[in-house]
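Presented below, as structure tokens, is a lone chain in the form predicted on its own.
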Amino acid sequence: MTGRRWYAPWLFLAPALAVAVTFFLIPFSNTVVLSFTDASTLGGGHFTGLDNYRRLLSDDAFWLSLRNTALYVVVVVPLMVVLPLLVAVLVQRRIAGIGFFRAVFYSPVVASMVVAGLIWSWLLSSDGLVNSLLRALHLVAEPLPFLTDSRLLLFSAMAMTVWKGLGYYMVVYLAALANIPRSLLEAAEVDGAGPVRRFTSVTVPLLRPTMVLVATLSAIASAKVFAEVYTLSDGSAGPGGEARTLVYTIREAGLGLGGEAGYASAMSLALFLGTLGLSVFVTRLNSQERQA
């Protein structure tokens, strides 16, 4: 009877496998195939070998978007690892009204990216709240071009990313903090360790796997950033597209009836390999530190 039911586990897995194959495996395989062709958005195309990848090496727009994306990852990931942890430590206390502050920190997570973009566009516009406050405090004489200067636009998008993701990773840290044995913190307190020493010597080492997870997830999300730059710049990615990211460039290459689906697929595969390599690097680095 048991031998006849070998297929039972596969019946439970079948729906999930069907979704994974239909929406992940087949599109990914199609992207890999298209990256070796000169296919357009309307289809067709011929096998061109590595021509699309050779073109990447001499494409200034690709290298500009790669630099911007790398800068995005370098700036956002450390902030995403540290700031949510500090917030989680502050709001984990069981005191009256703490639930309100948790909800406040988490509320940006549930806001749509369009709404978040409108809020930040209003805050950072030339006559917005931020510039009005800076001028009222006599810190600047003229409004800062947060949305029209390519470099300031990119950093404004980073701030928006951190603001929107802070609450999500705060919840991740709260779950990890709840699993830290209180006996370890009490033992450290008995030994004379203050709050800061307990945090650095007990809490942070025990949270290292969670910090690696947050770093990996935020790095992947930062490498795929698009909506923040698009909404803050009204789709232009700044003057001359100087604040473009990889996903923005991929969209631009494959957009419209005359889009180059083959070239866009090659850039997509390059982004995938870069993200995969970054994830493997972070994981290996954490494994080596744990073994040491």
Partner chain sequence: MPSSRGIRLASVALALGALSTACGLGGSTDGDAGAQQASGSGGALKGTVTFETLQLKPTFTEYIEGVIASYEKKHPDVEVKWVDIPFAGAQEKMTANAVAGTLPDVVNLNPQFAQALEAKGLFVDMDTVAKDIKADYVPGAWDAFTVPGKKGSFGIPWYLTSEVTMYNKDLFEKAGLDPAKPPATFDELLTAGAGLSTAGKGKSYGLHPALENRFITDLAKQGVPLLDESGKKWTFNTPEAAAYLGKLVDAYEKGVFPKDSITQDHSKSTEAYQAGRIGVLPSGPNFLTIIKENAPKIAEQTGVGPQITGASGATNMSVMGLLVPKSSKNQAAAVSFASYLANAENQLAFSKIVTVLPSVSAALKDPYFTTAGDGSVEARARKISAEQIAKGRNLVPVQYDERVTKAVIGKVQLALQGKLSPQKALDEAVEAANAITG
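Note that the coordinates shown come from a computational prediction; the quantities given were computed from them, not determined experimentally. Numbering follows the first chain given and starts at 1.
Omitted from view is the form predicted in complex with the partner chain, to which the following refers.
- Contact annotation for Ala253: at least one heavy atom lies within 4.5 Å of the partner chain in the predicted complex.
- With a 4.5 Å cutoff on heavy atoms, Thr31 does not count as touching the partner chain in the predicted complex; it lies far away.
- Proximity of Gly49 to the partner chain in the predicted complex: non-hydrogen atoms within 4.5 Å are absent; the residue sits far from the partner.
- The closest non-hydrogen atom of Pro27 lies beyond 4.5 Å of the partner chain in the predicted complex.
- The contact with the partner chain in the predicted complex, taken as any heavy atom within 4.5 Å, belongs to Ser126 out of Gln92, Ser126, Thr200, Ser107.
- Heavy atoms of every residue among Leu42, Ser150 and Gly235 are located within 4.5 Å of the partner chain in the predicted complex.
- Exactly one of the stretches 160-168, 118-126, 73-81, 200-208 approaches the partner chain in the predicted complex with heavy atoms within 4.5 Å, and it is 118-126.
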